[in-house]
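Okay, so here's just one chain, in structure tokens, the form predicted alone.
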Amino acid sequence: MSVSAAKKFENFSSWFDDLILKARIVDNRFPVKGFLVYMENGAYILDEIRRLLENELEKTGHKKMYFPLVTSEELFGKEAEHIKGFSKEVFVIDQGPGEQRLIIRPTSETIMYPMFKIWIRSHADLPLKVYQSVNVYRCETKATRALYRVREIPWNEAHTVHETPSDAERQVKEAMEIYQKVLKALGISYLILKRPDFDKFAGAVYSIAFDAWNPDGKVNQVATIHNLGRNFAKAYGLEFEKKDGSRGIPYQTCYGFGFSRVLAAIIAQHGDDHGLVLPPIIAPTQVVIIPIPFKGQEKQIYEYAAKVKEMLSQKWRTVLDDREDITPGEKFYHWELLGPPIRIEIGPREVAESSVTISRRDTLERTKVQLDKLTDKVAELMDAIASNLLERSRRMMMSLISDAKDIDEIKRILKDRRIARIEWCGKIECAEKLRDEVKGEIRGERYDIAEMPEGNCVICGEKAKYVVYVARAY
């Protein structure tokens, strides 16, 4: 049973929109454009992703805080480059004549940093590492897209302050490791790209982005890390007393993790034409048990299924689907749509043999297991499913990347819904010409590995300075 007539790799948009509603992830029919209702499954998964990330942040010394939703227009405007970058995206609260207008946070630098100025007095106050998981608001001018491009964005943002530039650099690496760990647990594959200067976060020295692959060939930016240098510290008057008694201006970093975009990546990368395929760690239901009643043996089968549920519920989120008005086949379709990693089938033969039949959602492989070995088998399969989803996603991402030597080749690659790797001279004029001609953009160079150019820029023919990736993006 397909989610809809649209297949994932043939008509991704229709497949995705149909699935997120039927699987009760989000309902995008809310009457205000760009705002979503997260239904029970979407809300549950968002919370699990948040817990995963916050656990890693806490382990590395980040402190959880909650800052106000608004800032003043005056505070927002202190960092000129930052306000220029967000000027067209902010929601404004107009309090009427004689009252200062308020800016609803598109991100929280201008909200947090006035407080940092109060808190930081000496080197003993550093490093300062705080985070919050909140919604941010951006008056998105592009066409909105459920989970990918919305006006209310559930996300986590962390902000840090350091004594030296080397401390800030180490923090960038730590943030990268945190994000890699969480995304690995979710089975998501991505490119870690250092953005070109013309596309970095407004006010940053440099920006790093995690671009996840998508079945339609576009990339989905799920997380970003920014080295802010001392730009914001200077704008907001952050100073501290050094060990030698002199005054210093600190260095800062910030990084954001988009929960809705990560949720989109989980659905897009792992889902199939039957429905969701969820990594075990965040699945609302990890094991579903489906009795297959046989006339005259219903009581024994349901009692046996309840016994299996009691056994598995001690370790996994387990549901016994004992609805009597639905056929087993209809239950199979229903649960394939919702994506729990493991389905257990119990009929008269399983009762007689003291066994169960297990079906993996990722491969749809079925196997019979004796009851006394079931707990160990389920644990083994959970690990196997998580590993397979990650490896399968990585293979797909690598298959989508192709080298291009000229503009026409880039056009063909993007038309085929893939990502082009090219050599570029670094000039913004070439980047703009490329964007205009291929309707894609330079996303950046690899940050995690070194890729050295060997030839010339594919746009102007001059000696190349960078190996960069070109894609269409959300």
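Note that the coordinates shown come from a computational prediction; the quantities given were computed from them, not determined experimentally. Throughout, we count residues from 1 along the sequence that is shown.
Same protein, other form: the form predicted together with a small molecule, not shown, and the subject of what follows.
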*asked:* Please identify the residue among 288, 278, 175, 222 with any heavy atom within 4.5 Å of the small molecule in the predicted complex.
replied: 222
_Contact residue in the predicted complex, from 163, 140, 298, 241 (heavy atom within 4.5 Å of the small molecule)_ = 140
_Even though the partner isn't displayed, in the predicted complex is residue 157 close enough to the small molecule, meaning a heavy atom within 4.5 Å?_
yes
*Should residue 133 be counted as a contact of the small molecule in the predicted complex, where contact means heavy atoms within 4.5 Å?*
no
_I'd like to know whether residue 258 contacts the small molecule in the predicted complex, with contact meaning heavy atoms within 4.5 angstroms._
yes
*Is residue 226 one of the residues lying within 4.5 Å of the small molecule in the predicted complex, judged by heavy atom distances?*
yes
*Mind telling me which stretch in 374 to 382, 164 to 172, 121 to 129, 142 to 150 gets its heavy atoms within 4.5 Å of the small molecule in the predicted complex?*
142 to 150
